[in-house]
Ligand code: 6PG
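We begin with a single chain expressed as structure tokens, specifically the form predicted on its own.
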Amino acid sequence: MPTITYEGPDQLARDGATYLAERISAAPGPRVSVGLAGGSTPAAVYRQLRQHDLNWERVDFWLSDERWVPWNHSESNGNMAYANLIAAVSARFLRPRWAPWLEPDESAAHYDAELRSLHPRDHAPDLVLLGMGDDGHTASLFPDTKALQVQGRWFVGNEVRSLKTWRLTATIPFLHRANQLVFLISGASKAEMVARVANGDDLPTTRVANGPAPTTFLIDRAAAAKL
């Protein structure tokens, strides 16, 4: 499990943002495709990343997952990404549709089509950022949910019965197309799951991380405590 460990969340945010900025800058081609994660750790990284002087106009940001809520909702990953990063840079940002008359998988199917248009032929996502929950989920690929088994789609609606809600999420096959996956993880509450992923336990994060896409974990010492 390729891992870079930082002293604490502040260093992870600062130096992790530098790590990401270098990879965005070095990505080949006229456009750079970057998938964004939700969560408090990515939010802190985004606030540092927006301070880097990059050619933002060539960057296409999209979401690796989204909650089924309106765009301006406090729990929306897109709302968080916009407030902490997108509003401060000149990148393009693609978000899943939301409307009270839409079903989650209708929105996901439209976003699937947008992602396929963004990645024609052999053009893979350059960089996808992911987090990890205390239960080992990543994106909105939760344990014991149907999205874990999807093969033909890149983005789906996923019912998470344990939370009594719906999510929209990138699928494992799409994430495995990426040129690089980067997990951003901090805090002692994640230490047990980080150790289980390193041990190869069957968790959504393990399934994503152990695929063909090159993967790096950026974590702080609290999250790495049980490695």
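One rule holds for the numbers: they count along the sequence shown, beginning at 1. Bear in mind that the values here come from a model prediction, so they are computed numbers and not experimental data.
Only in words, not in the display: the form predicted together with the ligand, which the text now covers.
J.: Any of the heavy atoms of N55 lying within 4.5 Å of the ligand in the predicted complex?
T.: It does not: once the ligand is placed as it appears in the predicted complex, N55 has no heavy atom within 4.5 Å of it.
J.: Does R67 reach the ligand in the predicted complex if we count a contact as any heavy atom within 4.5 Å?
T.: Contact with the ligand, yes.
J.: Would you classify S162 as touching the ligand in the predicted complex, given a 4.5 Å non-hydrogen atom cut-off?
T.: No, no contact at 4.5 Å.
J.: Is it the case that P42, even though its partner is missing from this view, gets within 4.5 Å of the ligand in the predicted complex, heavy atoms only?
T.: Yes.
J.: Counting only non-hydrogen atoms and a 4.5 Å threshold, tell me whether A27, P125 and R177 all contact the ligand in the predicted complex.
T.: Looking in the predicted complex, the three residues A27, P125 and R177 all stay beyond 4.5 Å of the ligand (heavy atoms).
J.: Select from the listed residues M132, A108, A81, A147 the one whose heavy atoms reach within 4.5 Å of the ligand in the predicted complex.
T.: Contact check passes for M132.
J.: Quick check for you: of 27 to 35, 59 to 67, 154 to 162, 193 to 201, which stretch puts a non-hydrogen atom within 4.5 Å of the ligand in the predicted complex?
T.: It is 59 to 67 that comes within 4.5 Å of the partner.
J.: Going through 76 to 104, which residues have a heavy atom within 4.5 Å of the ligand in the predicted complex? Please give them in sequence order.
T.: Read in sequence order, the lone residue that approaches the ligand (within 4.5 Å, in the predicted complex) is N77.
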